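Have a look below at one chain only, the form predicted on its own, in structure tokens format.
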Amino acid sequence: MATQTASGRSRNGQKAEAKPFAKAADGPDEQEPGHAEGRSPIERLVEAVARAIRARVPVADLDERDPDYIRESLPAQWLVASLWFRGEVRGLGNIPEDGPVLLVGNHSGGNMSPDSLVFTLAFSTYFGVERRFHQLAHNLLLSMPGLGFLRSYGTVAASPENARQALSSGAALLVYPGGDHEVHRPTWEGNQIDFDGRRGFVRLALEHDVPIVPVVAIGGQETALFLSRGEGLARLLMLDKLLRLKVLPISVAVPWGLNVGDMLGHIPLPAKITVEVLPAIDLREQFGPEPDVGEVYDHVVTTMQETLEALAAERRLPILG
């Protein structure tokens, strides 16, 4: 369970991944006038199929967060996460008590991403369900079997528009700059922060003048055997054009055995998930009135990598922790 619990602190019931960090995964297609005419018949066919597929995936938006649902389901969800993943979340007190804040996390465990689930439950327990809290995810993930409830917990389609709207509303926002590139990295790269050079989260924080709070998790990459991101396979199948997916991960996971794409999800192994929240970074206070985006990015990644290595040093055995 969270080492800093909501006991005595919870306010339940009171009213109150340069590239962008998250590409607009599900927004309406935008084309320049005349651009479609210059495409080959095959390109136009692929684009038409892509629009048809994306139209069938319901877009998650900020209004779907449901505090009443969270309040009712949180105890059971947290119990399951505590028993199966032995969830431990440290340093929740480093998150500002109110106001907008950008939480920047590393991401592990494939499409099931148990570290995100554990942190979301711990945040809602600690701060109370009335505090606005959103998490960005690829919209396809929110349509996977068994994961629709995340919409009610505040998970929304990853897009710059949703990110800006969340921060403008005063919410805490959790982003994963590494996105599908990081979450599907091979198991032997499990103890690496890999944002793939995506610096948009820094610009977002500067645009809204909000602090960055790094959130470092470990254990997710032990919930299956991740073999490859499958980037070449994704290009071959034109998934980047059809679904804006640059990876088609290959893993060994329960119950499928060899699992290609992870589109139906999998049953995560009961690896121990540990999450550590680091002190908030006031960018202009620490880096001056006009912070250099590259310098801030390097500082955040380096700090998170050092923390991840320290967490890894605590673990004795895979899965057991």
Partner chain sequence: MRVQAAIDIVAPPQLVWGFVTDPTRYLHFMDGVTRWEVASEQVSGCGARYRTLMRVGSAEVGGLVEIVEHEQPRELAWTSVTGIDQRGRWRLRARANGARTRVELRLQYGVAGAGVLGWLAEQVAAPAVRENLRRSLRELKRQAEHEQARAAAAARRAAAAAAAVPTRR
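Numbering follows the first chain given and starts at 1. Computed from a predicted structure; not experimentally measured.
Unshown form predicted in complex with its partner chain; subsequent notes refer to it.
**Q** Kindly indicate whether R71, A76 and E97 are, all three, within 4.5 angstroms of its partner chain in the predicted bound form, using heavy atoms.
**A** The answer is yes; R71, A76 and E97 each reach its partner chain.
**Q** Please name which of the stretches 211-219, 194-202, 127-135, 145-153 has residues with heavy atoms lying within 4.5 Å of its partner chain in the predicted bound form.
**A** Among the candidates, contact is made by 127-135.
**Q** Heavy atoms within 4.5 Å of its partner chain in the predicted bound form: does L236 have any?
**A** So L236 does not count as contacting its partner chain.
**Q** Tell me, yes or no, whether V247 is in contact with its partner chain in the predicted bound form, where a contact means a heavy atom of each within 4.5 Å.
**A** Flag for V247 set to no.
**Q** Residue-level contact is defined here as any heavy atom of the residue lying within 4.5 Å of its partner chain in the predicted bound form; does G110 satisfy this criterion?
**A** Output for G110 is no: heavy atoms all beyond 4.5 Å of its partner chain.
**Q** Quick check on L206: any heavy atom within 4.5 Å of its partner chain in the predicted bound form?
**A** The answer is no: L206 has no heavy atom within 4.5 Å of its partner chain.
**Q** So which of S159, Q165, T187, S82 gets a non-hydrogen atom within 4.5 Å of its partner chain in the predicted bound form?
**A** So the residue touching its partner chain in the predicted bound form, by this definition, is S82.
**Q** Of A224, A172, L141, V89, which one comes within 4.5 Å of its partner chain in the predicted bound form, counting heavy atoms only?
**A** Selected residue: V89.
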